[in-house]
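The data below hold one chain only, encoded as structure tokens and taken in the form predicted on its own.
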């Protein structure tokens, strides 16, 4: 039995701010329980819903030296969906209304978390063969394993994997402060180890000392070796390219299943998608108060409204889009200028634009089930989950060819009748607009082709089971 520990700052269903939580919560359930004992460890945040806190049982506590003081570390435990979850408790670090707050404070609290994870393992009597670390918040676990935890027999030989969900966020702080808080010596504060410029860098530490590195798509694994996408770490990524692999994220095929989805008006599968999708479209048009019309080309957007997600491109051609027979249904929050832009266009074109500037799980499902197409013109996208959800619901993605979008959406080829969506290469508003209009023309003039695209999109398999097989291969290669 191979023992694996996932370490993550957020995990569904307990706490979520982004896709990281989906990976850390969904993936562990997909391994063969006869071969793998996969457990998960995360902080116990004060802001977790009470129903999750009520499920946790006290396991143990101890005191740990950290940043020059003796600090309390509580360990709680629960079993959910057949997986054992451990929670690291310290009210000083994990209180507050949300999991991430001030940048400097976040760096300190996740340094504490990383040391606490390793310190807790002998106390809870769980010795993993491999610790799978997710993003910068767990970046010091491989470093600490190499440093102060190397002496004891218990820790010797534990392997580590570092998964990059988004290279942009790295957990860096002034090198002097970094050493004082982390307890790491100046030996680690060099450019070939944890230092970038004048800062210590948690993610870089994990990338230098982990036994293997993964990221969440093949294309992103290649992109981060280049200066444009590498966020200052492209040299390190090139140096470790033999240990780097891309494994595309999955989505939960139980939660995202149009045949059983409780949030949508009419449930459906591939056999009755055309008829039922139309019922969902009519219901959403009515609910949002936008113009009715079965043949109006409805485009969905569910996203953080930020530059990274390509909203500067959308802003540039928004007026042009509103002049055409399309409807835009937007759900999400983000930069104020994009929130205000969508509200303004919704006011100007109430039958064409619906601006839902909030987040709702229920509304997101309705958009995936009701729209004809889904727009995702990201500047960069390590994996992306929304395009996987839209494929599952037979809503054709229109994406820019970057990262996971390039790997998961096959562009429609009108000559050989292949593809599952539409894509464009250059980060350019006119290219995006032309691609949207091309998709619109296929929808209007070649409906048979459009319907075949829907069938191919729904036949794709981006379940977690497919991803888990690739992780299993890597674990077996590392553990032996």
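Note that this is a predicted model, so its numbers are computed, not measured. Residue numbers count along the first chain shown, from 1. Heads up, when I say rigid core I mean the largest set of C-alphas that superpose within 1.5 Å between the two forms.
Although it is not shown, the form predicted together with a small molecule is what the next lines describe.
Contact annotation for the candidate site: 261, 268 and 463 all lie away from the small molecule in the predicted complex (no heavy atom within 4.5 Å). In the predicted complex, the small molecule sits within 4.5 Å of a heavy atom belonging to residue 20. Within 4.5 Å of any heavy atom of the small molecule in the predicted complex lies no heavy atom of residue 174.
Proximity of residue 337 to the small molecule in the predicted complex falls outside the 4.5 Å heavy atom cutoff. Taking the partner from elsewhere, residue 361 is found to have a heavy atom lying within 4.5 Å of the small molecule in the predicted complex. Screening 142, 332, 394, 99 for any heavy atom within 4.5 Å of the small molecule in the predicted complex leaves a single hit, 332. The partner is absent here, but in the predicted complex a heavy atom of 384, alone among 206, 377, 384, 200, sits within 4.5 Å of the small molecule.
Figure note: of the listed segments 69-77, 308-316, 285-293, 106-114, the one touching the small molecule in the predicted complex, with heavy atoms no more than 4.5 Å away, is 308-316. Once both forms are overlaid on the rigid core, the distance between the two CA positions of residue 334 between this form and the one not shown is 2 angstroms or more.
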